[in-house]
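First comes one chain, alone, set out as structure tokens in the form predicted alone.
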């Protein structure tokens, strides 16, 4: 099972990275001209193409880049000369701080809210559905701007911008990521609670739940041991998709809070046409998505015996 998942992830990695590489490096003259400026002569552009190795077949360039990936060498910025791997080592922890903290809080919050809405129903269910719809419809950057205005400027309880690394001050790190994580949480908890609520309601209507209750099993055991475990499959898949969507949201949230993470690196590199930096950022994003997918599939197979047979 694990080998099958890893082989599938490796195949997706090769296809996606090659397609992305081909899109970015397919026009060698365009890449070279972007580094020199629009006023560069044709001779200068051709000289730059050869200097950057863009005159070689695309497959050869990709294989060289792929070899560098496994050797920990992603090349250097066309503009600053900064090592791409070094830049990512500084930026990735910032983004992962937001993603991991948001994911953990989303799992806890979504399960509690979703189970409460499905089990108790009534006004709790209606409130969760209303707030879930509103929360899922509001983009994270809008929430981020509102949080900055109220809790960073009007009532300065948390820093409006900036990032403090946990090795410098753990308390300061918590303060610096509180508002960005809150901005991401609004949408992710809304979506997660919605999925958990639907899955739990479906399980509560099954015959095996009525059988368990008829046998005198306590309500707590029925819900926590049987219903929640049976509903975990759809929930895990939903959380995996939430992480993928969350990566897009972090780009805008990092911009609003001026956090030195992947979002800032991607936007600045893309605007400058710094292809090695953009390709390195895309690589990290692809790896995170694949790791999350593999982890979600493995967790689902452990909790759901039917998934192991697929």
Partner chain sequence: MRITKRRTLAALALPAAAVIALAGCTGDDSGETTGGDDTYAKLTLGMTADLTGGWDIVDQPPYQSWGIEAVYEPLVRCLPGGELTAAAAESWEISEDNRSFTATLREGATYSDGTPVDAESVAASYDVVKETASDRYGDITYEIADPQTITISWPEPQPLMNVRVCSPYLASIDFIESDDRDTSPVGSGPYTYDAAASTPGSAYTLVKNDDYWNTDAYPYETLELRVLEDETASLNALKTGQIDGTIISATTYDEAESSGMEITGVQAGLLMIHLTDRLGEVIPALGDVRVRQAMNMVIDKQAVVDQLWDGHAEPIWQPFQLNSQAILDIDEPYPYDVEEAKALMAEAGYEDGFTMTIPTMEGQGWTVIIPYLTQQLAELNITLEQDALSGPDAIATLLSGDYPVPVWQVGGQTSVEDITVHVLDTGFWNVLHQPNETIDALWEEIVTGDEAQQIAAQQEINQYLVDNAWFVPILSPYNYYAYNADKVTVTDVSDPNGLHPKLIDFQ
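Positions refer to the first chain, counted from 1. Heads up, when I say rigid core I mean the largest set of C-alphas that superpose within 1.5 Å between the two forms. Nothing here was measured: the structure is a model prediction, and the numbers come from that model.
Here the subject shifts to the form predicted in complex with its partner chain, a form of this protein not shown in this document.
Any idea which of 30-38, 279-287, 65-73, 243-251 reaches within 4.5 Å of its partner chain in the model of the complex, heavy atoms considered?
Result of the contact check: 30-38.
Does its partner chain come within 4.5 Å of a heavy atom in each of 19, 85 and 166 in the model of the complex?
None of them does, since no heavy atom lies within 4.5 Å of the partner.
Should residue 186 be counted as a contact of its partner chain in the model of the complex, where contact means heavy atoms within 4.5 Å?
No - in the model of the complex, heavy atoms of residue 186 and its partner chain never come within 4.5 Å of each other.
Would residue 222 count as a contact of its partner chain in the model of the complex, using a 4.5 angstroms cut-off between non-hydrogen atoms?
Close contact is absent here: in the model of the complex, residue 222 is far from its partner chain, nothing within 4.5 Å, heavy atoms only.
Can you check whether residue 272 is within 4.5 Å of its partner chain in the model of the complex, heavy atom basis?
Output for residue 272 is yes: heavy atoms within 4.5 Å of its partner chain.
Using a 4.5 Å heavy atom cut-off, state whether residue 198 contacts its partner chain in the model of the complex.
Looking in the model of the complex, residue contacts with its partner chain do not include residue 198, since no heavy atom lies within 4.5 Å.
What is the one choice in 100, 112, 157, 214 with a heavy atom within 4.5 Å of its partner chain in the model of the complex?
Selected residue: 157.
Considering non-hydrogen atoms and a 4.5 Å limit, which listed residue (152, 135, 234, 93) is close to its partner chain in the model of the complex?
Contact residue from the list: 152.
For a quick check, can you give me the residues of 46-80 that have a heavy atom within 4.5 Å of its partner chain in the model of the complex?
47, 76, 79, 80, in sequence order.
At a 2 Å cut-off on C-alpha positions, does residue 285 qualify as shifted between the shown form and the other one after fitting the rigid core?
No, residue 285 moves less than 2 Å.
Would you say residue 248 moves its Cα by 2 Å or more between the shown form and the other one, aligning on the core?
The answer is no, as the C-alpha of residue 248 shifts between the shown form and the other one by less than 2 Å after core alignment.
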